[in-house]
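Presented as C-alpha cells, the chain that follows is alone, the form predicted alone.
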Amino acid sequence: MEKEITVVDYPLPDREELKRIIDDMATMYKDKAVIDTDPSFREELVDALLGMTQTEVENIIARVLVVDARLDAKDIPEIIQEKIQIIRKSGVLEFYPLNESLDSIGGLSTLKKWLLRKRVCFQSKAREYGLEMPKGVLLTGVPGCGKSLTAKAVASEWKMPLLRFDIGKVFGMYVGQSEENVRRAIQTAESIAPCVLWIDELEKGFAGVGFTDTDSGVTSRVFGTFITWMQEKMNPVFVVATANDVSKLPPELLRKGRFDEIFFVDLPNAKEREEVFSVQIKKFKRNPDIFDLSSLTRYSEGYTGSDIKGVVKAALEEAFLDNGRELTTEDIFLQIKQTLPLSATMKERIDSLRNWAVNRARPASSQWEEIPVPSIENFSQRRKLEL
C-alpha cells in the first residue's frame, strides 16, 4: 500500500497565512465584534500567534472576541499565555519567560561580546552582504558557572522568544514516536522564528550515539535528524546548547558547521567572582557597595557562580533568623567557611574538562587564567584554621 500513498506535510501557518486568518475572522465577526486594525498591533498579534495551527488561532481569537467583543493590544498577554500552554502540551518544548539579561551574569566577557556581535547577523542586510544565518553556540565547562543562565539572558537581550527543548522527552515508547517528536519540535521552533532554542545538558540526550545500539537505533535516528537540521537550517532559530561533560557527545556534533562557536566556561577568576558577588547581592535587594567585595573575592577562590549564589542566600537566611537584622560581610564570610565548593569535590573532573578544552574550545572569559582547583583536604584544613 505504501506505493499508493502520497505523504503530504502541512506546515504551521506563516506570517502571511496568519494575516489572512485574522482578516477572515474580522470579516466573519464584523457585525458582532471589533478587531483593532492598527498596523503595529497587527504585527504584534501575528508574533503572538506564530507557532499555532489554524484551528488553534481561530479558537483563541473567537474566545477573546466572545469575552468583550473586541480584540486589541490588551488581549496579547492572554494569547501568549494560551500559546505557552499549547506548546507545553507537546511535552517536548517549553516557553521560558524573559526575566534575565547579560548584566545579570558575572564575568564571561568574551562570550558576552561574541553574542552581542552575533545579534547583528540576523538582520536582512547581513544576508545581502553574503553572511549566513547564525546557527548557534555550544557552551561547555564547569557546572554552575553560568551556561544555562546565558541561554536565558541571550533571548532577553535579543528580544526573541525562548524555547527550551528537552531532548530526554523526545523519546517515546511507540515505533516512530521519537522521530516524530523531534520533527514536530523543530517545526514549531521554525514557525515561531526568530527565536532562541535552548537545549540544556545536551549530552544526556545523545550520550553513546555510535557506540551502543540498545534502542534499535532510535537515538541514532533522532540524532541524525537533529544534526542535519543544524547543518541545513535556513530559518532564524538560534540554538544555545549546554553540556557539562562534552566528552560524551558524538564527534559529529562538534565539527564546524553545526555550531558557530564552542565556548568553554571555566571557574570564575578573581574579577569575575567580584562581579558575581555584586550581581547576587543586588538580586537580594542589597547594595553591594556596602560590602567588602574584594575580601569576599579573595577568600572564595575555586567557587562557582552557583556556589556564590548559595553562600549569599544562606547568609541572608541566617541574618533573617537572627531577629531580621541587616546582612553583613561577616555573615557571608561565615557561610564561605562552612561551604565546600564544587571545585573541591570534582577536582579530577574539572581538570579533565580543562584538558579537553585547551585546543577544542574558545575561552568564555577574556583572560582564561588558570584557577587553582583545591582539594577537599585543603578546604578542610583552611576552615579549621579560620574557625
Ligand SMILES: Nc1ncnc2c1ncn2[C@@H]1O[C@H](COP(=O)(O)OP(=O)(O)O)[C@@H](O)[C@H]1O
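This one's a predicted model, so the numbers in the text were calculated from it and none came from an experiment. Numbering starts at 1 and runs along the sequence shown.
Another form exists, predicted in complex with this ligand; not displayed. Remarks below refer to it.
Participant: Report whether the minimum heavy atom distance between Pro134 and this ligand in the predicted complex is within 4.5 Å.
Facilitator: Pro134 lies outside the contact set for this ligand.
Participant: Heavy atom to heavy atom, is Arg164 within 4.5 Å of this ligand in the predicted complex?
Facilitator: Flag for Arg164 set to no.
Participant: Ser104 near this ligand in the predicted complex, any heavy atom under 4.5 Å?
Facilitator: Within the cut-off, so yes.
Participant: According to a 4.5 angstroms non-hydrogen atom cut-off, is Ser306 in contact with this ligand in the predicted complex?
Facilitator: Result yes; Ser306 sits at the interface with this ligand in the predicted complex.
Participant: Can you say which of 312-320, 272-280, 71-79, 184-192 gets within 4.5 Å of this ligand in the predicted complex, counting heavy atoms only?
Facilitator: Every other range fails; the passing one is 272-280.
Participant: Check each of Ser156, Ser178, Asn244, Ser300 and return the one that places a heavy atom within 4.5 angstroms of this ligand in the predicted complex.
Facilitator: After the contact test, the surviving option is Asn244.
Participant: Using heavy atoms only and a 4.5 Å cut-off, determine which of Leu149, Leu293, Met230, Val92 is in contact with this ligand in the predicted complex.
Facilitator: Filtering the options by heavy-atom distance leaves Leu149.
Participant: Note that this ligand is not shown here; using its position in the predicted complex, name the residues of 121-147 with a heavy atom within 4.5 Å of it, in sequence order.
Facilitator: Going through 121-147 in order - heavy atoms within 4.5 Å of this ligand in the predicted complex - the hits are Val142, Pro143, Gly144, Cys145, Gly146, Lys147.
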